[in-house]
Each structure stands twice: as structure tokens, then as C-alpha cells.
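To begin, one chain is listed below as C-alpha cells, in the form predicted on its own.
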Amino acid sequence: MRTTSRYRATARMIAAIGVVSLAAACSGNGGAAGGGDAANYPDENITIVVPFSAGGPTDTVTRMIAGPMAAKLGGKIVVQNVEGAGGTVGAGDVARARPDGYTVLMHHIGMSTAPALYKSLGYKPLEDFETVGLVTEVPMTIVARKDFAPATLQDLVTHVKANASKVTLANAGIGAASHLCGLLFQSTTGVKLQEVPYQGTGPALTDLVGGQVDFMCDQTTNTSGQIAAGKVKAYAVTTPERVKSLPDLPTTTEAGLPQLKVSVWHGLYVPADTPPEIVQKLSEALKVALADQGVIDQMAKLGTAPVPAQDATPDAHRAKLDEQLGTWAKIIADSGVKVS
């Protein structure tokens, strides 16, 4: 099963970017579980699969750390975008890939929400992956079209409660970070809104700026530029502390909605049964990348920062995933949202 899926995933990678040869991708132990050669790792290209479109926040963060990680490992890292079904297509490909450390997954909070969202997922996050380490936790912002009437977050809550059938809440599609944050907003305020899903954050923000939808909740990596340019009205950031790149934007706690706390955490994964020595090498390379000043500076411009070194570890990452699986299972179950 693993070998067949590995060939299928490899074919997709070759068609998309033409970088990794079939011979290289299928070399090694022929697909046996735990078959990576840890002593010589890496001796071929490593592919980090991003299960979302190029140019999005997860893709951007991945490309930031790929160079420093490759330099530490002494090899080459290729970033591959495998879109579809809220990140589950790319994640599924990696879950079924050969466990040799040459196919890595970068995923965000969606790894913890997919089991509750999808009836037929095809993989189990805690069983089919080894965690490598957390990368960053991106804050979310609540933003609205520039001429939307509510002036503050409390005004927004009052307004949506009184106009639930008329207010439109945009998101980048089911399972996207903006969708999840929107679910939490509705759960926290006790109101059901008219949700408008888009094929990605770009079109959602375009329509928000253009006044076609009322408001949305999305990552600072997507909204900071629009906020700074005055193209949208910003209400709050959904983390305990203010964001350095948006110093005037209050937290949800300061704005009167302390229950609304969420960040889009990112982490690296490899298929289950990947040798511990290889997982450790990847984790150590991740720590080096997150300490790189260039990475720190780039993340700061997007309103985020690398996690502390103690969180860029397999154990800290697994603990976070386990906790988040339980948290989101209840929120999603209460929302009634389910994808076939």
C-alpha cells in the first residue's frame, strides 16, 4: 500500500515541478516501513508538501524556512503545492508516502480540524504521522469592509446579533483558517450568520475590500497589508498579546470578547514509521531555521514570529496536536458542519 501510494504521489510531484526524478524518489529500501538510511540522510532532494496554493500563508512560511533547513541538512529542499479539499489531499499523499524522510508535510491548524470536518478522511493525524516540530503561530484578525457600520468589536457583536440573517461572513472555503475562526466567532457570540465561502483568501479579501461581503476573520499574513493601507476596517487580533506589526489593533480580550482566542499554528510532519534519527535531524534543522535572523525578520513583517526552540520538537508538536484535536472536535460538532 505504501509503495503504490508513493509512486502515485511521486508522479504528481514530477508533473507539477519536474525537479525530483523518479529514480531518486523511489530509491532506497523499496518502500519498507521505517526504511530511511539515517546515517546518510539526506542523500537526495527532500520535498516539503504544502497542501494549499502557492503564495498563501502556509506556502509563504514554508519557503521562508526551506533554505536554512536545507543548509543545515546539507541537501536540497523542494516545496511542492498539492491543493484540494481543505488540505486533506496533500496531507493524505504524505501519510501514504514512504517513511524515509524525503517527503515532509507542512500543515496548519487544519490538521487538527479535518477529522471532525470530513466524514471520510483517509488518515488519522496521531497515527499516520510523526510530528517534527511546530513552526509558528499566526494571529488572526477580525476585519470588515471599510464602510461597515460597527465601529468596535462590541458594536460588531451587537450588530450581528440584531441582523444575523443579513450579515455576510466571508471565508476562504470549508476547513480554511478563516472558516475555522468564523465558526469560533459564531460559537462565542451564539449567532448563526450567512457564510460566504470562496476559493481561497485572495478572492474573499478582494470582495471584502470591494464591499461585496461584510466581514471575515483571517490570518495577519493575509490581512496586515490591507489593514495598513486602510482598505479594510480592523476590529481586533485574536491572540493574548498585540501584534508588533499592528500595534494599534487591540486584542479580543481588550475589545471585550476574551473567549475568541485562536491562532493558526503550523507544524512539520513525516509519515508514521519514519526512523527517529531522521525525525530528529529534521527537527534540529527546523530549530536552526527558526533562529535564522532572516526568517525572524520576514515573519515579523507578516505579523508573526517563530515558536520558541522548545516548541520546535516532536514531543511539543504532538502535545499541541492532541490538545487541538479535542478542542476543535467540540466546536465543529456544535456547528453542525460536515464534509462528505
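Keep in mind the model is a prediction, meaning the values are calculated, not measured. Residue numbers run from 1 along the displayed sequence. Just so we're on the same page, rigid core means the largest C-alpha set that superposes within 1.5 Å between forms.
Below, we turn to the form predicted in complex with a small molecule, even though it does not appear here.
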Report task. Could you spot which one of Ala176, Val143, Leu249, Leu169 gets a heavy atom to within 4.5 Å of the small molecule in the predicted complex? Result -> Ala176
Query raised in the report: Looking at Pro150, Gly200, Gly92, Pro115, which has any heavy atom no more than 4.5 Å from the small molecule in the predicted complex?
Result: Gly200
Requested in this report: With heavy atoms only and a cut-off of 4.5 Å, decide whether Gly56 touches the small molecule in the predicted complex.
Outcome: yes
**Report entry** Gln219 within 4.5 Å of the small molecule in the predicted complex, heavy atoms
**Finding:** yes
Query raised in the report: Any idea which of 156 to 164, 228 to 236, 201 to 209, 71 to 79 reaches within 4.5 Å of the small molecule in the predicted complex, heavy atoms considered?
Result: 201 to 209
Requested in this report: Using a superposition on the rigid core, decide whether the Cα position of Gly182 changes by 2 angstroms or more between this form and the one not shown.
Outcome: yes
Query raised in the report: Once everything's superposed on the core, is Val135 shifted 2 Å or more at the Cα between this form and the one not shown?
Result: no
